[in-house]
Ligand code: DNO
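Have a look below at one chain only, the form predicted alone, in structure tokens format.
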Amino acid sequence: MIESWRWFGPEDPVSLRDVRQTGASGIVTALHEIPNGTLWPEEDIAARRRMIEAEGLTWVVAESIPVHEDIKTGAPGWERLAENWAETVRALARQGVTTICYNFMPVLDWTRTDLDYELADGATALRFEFLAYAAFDLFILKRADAASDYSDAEVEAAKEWLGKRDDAALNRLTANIIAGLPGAEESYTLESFRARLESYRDVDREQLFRNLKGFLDIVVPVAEEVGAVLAIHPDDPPRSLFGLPRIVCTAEDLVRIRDMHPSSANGFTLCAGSLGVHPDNDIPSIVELLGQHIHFTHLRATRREQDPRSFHEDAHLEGDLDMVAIVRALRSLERRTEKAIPMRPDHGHRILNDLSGTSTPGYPAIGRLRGLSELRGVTRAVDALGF
């Protein structure tokens, strides 16, 4: 696997020189400053590539070219936005960046309710707490028809949860959900969030699958033409939020997407943490199932809580996942396909100096370095033992 590191550009608290010291060789990044739906200028891509290469690193994955919400809803003019997306793939490929991660999550990218959940050892982690989410949905957002998504007992429990929090805690919860987490290209006010949800009123799961198919009909042939591969990211968490459909949650969903375009250019980001939140997902089996369609991987572990709809980010070799089995399956795939897959340690606990320094939520330097080191050790052990 190509050991890689998520870098959010020149403003990232973790510099490229810092990344070099982790032992990673690949950079995973994007032009986050460019608005959704806009063509990335090739000169800007080239400048970012040169910046990365000046530190002895290689830009191995574009994560992500954001998919405009009008594409997901099939709004008038979505085709032009998809064509811009495809032209950005062309420009990236001309600059040597040929693996493109993207997601098709409606309205929100990855979602957490708590960015500093304290663990027993004093480290902090990202967390999705179902009751906090329900309290926001029911009593802060006040989404129309939200109550129909919850039992009477859940509504009462969410109300009780809300009553124990002060205004500062509720403001943090609101910001965590709608202000946009790292890598998300959209942020909302409560009013604009409600309006965006309304734009999906007529989009159910089947319509969203059709809209994804229409998008792939435009972009996959371009990727094939320029030698690029597309890697859709699973939904995070892998279930409906705010009444919105989500379609990249289970092995069945992934197979359906693969079969929309059997070309290997139509592929996947294997995010172990996102898929691992869904108890039915057997990730080593998914590696076998998707095979050559896996082009990129995020390795992290999540732990489901007493209410299995709640989870938090665990240490990379802990949680509900058998990370050794996942690495073993990925190394077997690489041997069969004779292709190295970019891997990055996804998320990380805030530990040691991360706790007193500045870090991007989910992306502290030392916590990710610990994860990368553990994953590197697992990989070398798997190789040495011939698994």
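Since the model is a prediction, treat every value here as computed from it, not as a measurement. Residue numbers run from 1 along the displayed sequence.
The same protein also exists as the form predicted in complex with this ligand; that form is not shown, yet it is the one meant from here on.
Asker: So which stretch, 321-329, 35-43, 50-58, 339-347, is the one near this ligand in the predicted complex (non-hydrogen atoms, 4.5 Å)?
Answerer: Looking at the partner contacts, the answer comes out as 339-347.
Asker: If the cut-off is 4.5 angstroms on heavy atoms, which of these, Lys72, His293, His316, His298, is the one near this ligand in the predicted complex?
Answerer: For this set of options, the contacting one is His298.
Asker: Among Glu224, Glu129, Glu154, Asp109, which has at least one heavy atom within 4.5 Å of this ligand in the predicted complex?
Answerer: Flagged contact: Asp109.
Asker: Answer yes or no: in the predicted complex, does this ligand come within 4.5 Å of a heavy atom in every one of Trp7, Thr29 and Phe268?
Answerer: Answer is no for this spot.
Asker: Verify the contact flag for Tyr102: yes if a non-hydrogen atom of it lies within 4.5 Å of a non-hydrogen atom of this ligand in the predicted complex, no if not.
Answerer: Contact with this ligand, yes.
Asker: Closest heavy atom of Asp354 to this ligand in the predicted complex, within 4.5 Å or not?
Answerer: Judged by the heavy-atom cut-off of 4.5 Å, Asp354 is well away from this ligand in the predicted complex.
Asker: Do Pro182 and this ligand come within 4.5 Å of each other in the predicted complex, heavy atoms counted?
Answerer: Taking the distances in the predicted complex, the answer for Pro182 is yes, it comes within 4.5 Å of this ligand.
Asker: Do any residues of 56-78 have a non-hydrogen atom within 4.5 angstroms of this ligand in the predicted complex? If so, which ones, in sequence order?
Answerer: Heavy-atom contacts to this ligand in the predicted complex: Glu63, Ser64.
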